[in-house]
Ligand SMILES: C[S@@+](CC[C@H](N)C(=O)[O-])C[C@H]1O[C@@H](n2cnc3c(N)ncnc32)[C@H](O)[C@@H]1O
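Just the one chain here, laid out as structure tokens, in the form predicted alone.
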Amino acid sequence: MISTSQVLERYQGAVPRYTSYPTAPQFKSGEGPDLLQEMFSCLDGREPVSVYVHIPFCDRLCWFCGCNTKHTNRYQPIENYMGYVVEELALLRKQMPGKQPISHLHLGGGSPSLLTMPDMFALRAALETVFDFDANTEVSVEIDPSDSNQEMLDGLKAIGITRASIGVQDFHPDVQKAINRPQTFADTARVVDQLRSIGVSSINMDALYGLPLQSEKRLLNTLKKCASLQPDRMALFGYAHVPWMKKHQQMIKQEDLASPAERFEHASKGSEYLKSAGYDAIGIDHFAKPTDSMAISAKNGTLHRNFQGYTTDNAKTMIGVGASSIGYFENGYIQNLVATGQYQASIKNGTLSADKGYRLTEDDRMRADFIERLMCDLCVDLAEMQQRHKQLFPVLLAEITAACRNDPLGLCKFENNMFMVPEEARAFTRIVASWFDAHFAPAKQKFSQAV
């Protein structure tokens, strides 16, 4: 039996979320342009790609937010920005060997749902000059219910939305006030009905634990209300309090936050409730109905993890569009300029805005493979790892042996040629993953809490 208190006491430091390996702090300024050209040369027009478009604007500033975004009360800056996104796509079209089939399109932010219908229509048209959409292309959009109006629905139809991701966080008024995000259950329910009325086939909702003034009772009440709307997927993320990175989080009082032990208890009770409500646990913080494609992927070992979290997207290439957007291909990661003004200046000059990048080594590929399977499946088949990474596998095997030997609390085990995180240690998977991160330096880097 794992002692939660001992784990929390022993591993007090923060660890990465492992939506990539290596993680974003390892990306190097100036590496992006060469990697971008290399990515273009790897495209052959037959292998589907994934596309992420970043909309870095919100019409309200939520104090809990850790995204690259900015607050605006006017639409003009957003309209100007979308013009540059369309120009960026035109530049991409000139560089690419031909139109690429697209398997997934994700609009993130910020709040993509605040885009007007004309801008959504223009974005879709620009995308179609670069990528080939078909009936199987998944189009997902992050939605803030406060943006809900008929123009939003028309815009979502124009972009071809198939999946909606709705931010909830917590429904209790005191918690909402503490994070500056008023949002009633009635408004959320109305948006769900509206989305289903326009044919959106899949809906997922995001809630947070670890928020200021949040209690176990308040969290469970939020999850029960979410479940009553029958979303296909739920995510229960831990609030990442990183005020040294996101200055607006300084508006949240430290004394209003739960202790590590309370966070763990809230996350555990939330997970138990969602499973009792008919959702399968996926990885460390996602839940899906058993018939959902994510639950099916988790069962058959084809689940993946990228910068949007757990996904069924198996594209080997993701093209990032917009300021701060991150893409990847088989040889590395590419991030566009983060500052919106710099991004727009680059596009205005006719230059794609790739800035930071990271070129993967063979050791990185092996560890990325290992950590992704651990984060997705809580276990790794070492025979398969050996087959895929013959040369470096002895290094990994030695580290696995050492990890098990130096793990007095039972967070991992090694038997029958499988390396596993036990079910009772599921919440601590990020800690175990960090043991195999060759770049992780806790003394030099700051991340969010492990649980």
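Computed from a predicted model, the values in this text were never measured in an experiment. A residue's number is simply how far along the shown sequence it sits, counting from 1.
Another form exists, predicted together with the named molecule; not displayed. Remarks below refer to it.
*Asks:* Partner absent here, but in the predicted complex, which of 41 to 49, 382 to 390, 414 to 422, 58 to 66 has residues with a heavy atom within 4.5 Å of the named molecule?
*Replies:* Heavy atoms within 4.5 Å of the named molecule in the predicted complex occur in 58 to 66.
*Asks:* I'd like to know if D144 sits close to the named molecule in the predicted complex, meaning any non-hydrogen atom pair within 4.5 angstroms.
*Replies:* Yes, contact at 4.5 Å.
*Asks:* Quick one: is T162 in contact with the named molecule in the predicted complex, heavy atoms, 4.5 Å cut-off?
*Replies:* T162: no, not in contact with the named molecule in the predicted complex.
*Asks:* State yes or no: in the predicted complex, is some non-hydrogen atom of K356 no more than 4.5 angstroms from a non-hydrogen atom of the named molecule?
*Replies:* Output for K356 is no: heavy atoms all beyond 4.5 Å of the named molecule.
*Asks:* In the predicted complex, does Q249 have a heavy atom within 4.5 Å of the named molecule?
*Replies:* Yes.
*Asks:* Which one of P212, G332, G238, G270 is close to the named molecule in the predicted complex, taking close to mean a heavy atom within 4.5 Å?
*Replies:* Here the answer is residue option G238.
*Asks:* Using a 4.5 Å cut on heavy atoms, which of T311, S325, S140, Q169 is close to the named molecule in the predicted complex?
*Replies:* None of the others qualify; the residue that does is Q169.
*Asks:* Heavy atom within 4.5 Å of the named molecule in the predicted complex: which residues of 200 to 224 meet that condition, in order?
*Replies:* The stretch touches the partner through D206, L208.
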